[in-house]
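Shown next as structure tokens: one chain only, the form predicted on its own.
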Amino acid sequence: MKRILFFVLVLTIALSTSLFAGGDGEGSGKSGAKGLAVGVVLPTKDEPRWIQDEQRFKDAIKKAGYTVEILFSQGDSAREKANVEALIAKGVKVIILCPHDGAAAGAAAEAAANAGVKVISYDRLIRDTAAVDYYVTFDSVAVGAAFGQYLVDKAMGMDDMAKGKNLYLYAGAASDNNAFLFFEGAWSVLQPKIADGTFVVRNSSEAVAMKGKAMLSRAEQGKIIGQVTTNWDFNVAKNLAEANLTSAMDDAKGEVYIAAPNDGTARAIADAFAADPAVEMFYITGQDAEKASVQYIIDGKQSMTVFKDVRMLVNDAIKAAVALLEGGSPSATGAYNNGAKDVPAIQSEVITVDKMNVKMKLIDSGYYKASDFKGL
């Protein structure tokens, strides 16, 4: 009887150890001696961008020879913290965290730091805590500047002497630090053309009131963003655009220039403007090169997207994680102040893509297959 109990105990321990190591469900790569070394927490499965990132992470960490577990927070900061705590319990040494809410994620980062786990803030900056070791990001200000420059170039190309061109501004979620950085970049290019009358902002009284200010404080940015936020939600974006168009006179339509903050919201906003008979033509920005928006660009429904090659960003994050695992220091190319410290940053390049170069930048580069699209 004792021998049977002994074997049952051994089997139970073996099974528990296997489950504790992460199993085959969410993990990727070899377990081996290195074990579950890296955890990744992404904000939601409900946006195509993060599903792309999930697969890229699995591919990159497998190539690096480590095991990764990828968890999704589904837009819930409490779940995000629980995900981090679960990864800590599994013995990870580095957590790559893309926060749902930059400020709220500070508690999760501190839990990791208190457990001796290194924290890499991914794509979005974790704010108001010193418990962030590195920030891997695209240059978010450059992304916004690309929005602005595209619209300025189109406006000046149409008629460089005309004034009063209709401009509609939209922004991401006020809880996301990147939304402010995107807006900062866009404002830096658009503001001079708003100030000289080339553009007239049609959907933000706060932007009109501050049109003479080249540099805005975060609080001032927040006032404008509060009027034009999409909250990164397609339905919110569409409803806001429809409300803006309902309240706008016909002379605020016609030829329209739209600064949309990402591809998902761009498609929703574009659909709303396309449905308004008083809108004769429009130019609209986006970012992330989502497949649906690439098709919109091919079809002439979206004007451009800022291509942020996720392969590059993921590889930079994994390189930083491996360097930390092996006792090294990742090579930073800049720094972002998160309200508590200057976080060393590793920044990746961004590329403007429109109908003219979409094939070269996204198909010929191997990012997507031509068979994924119609009309190329």
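When you see a residue number, it is the position in the sequence shown, counting from 1. On a predicted model such as this, the values are computed, not experimentally measured, just so you know.
Omitted from view is the form predicted together with a small molecule, to which the following refers.
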Touches the small molecule in the predicted complex: F182 (any heavy atom, 4.5 Å): yes
Distance check, S121 to the small molecule in the predicted complex, heavy atom within 4.5 Å: no
Contact label in the predicted complex: D101 to the small molecule, heavy atom within 4.5 Å: no
Distance check, N178 to the small molecule in the predicted complex, heavy atom within 4.5 Å: yes
Residue among Y296, W232, F282, Y150 with a heavy atom within 4.5 Å of the small molecule in the predicted complex: W232
Heavy atom contact within 4.5 Å of the small molecule in the predicted complex, the stretch among 314 to 322, 346 to 354, 48 to 56, 328 to 336: 48 to 56
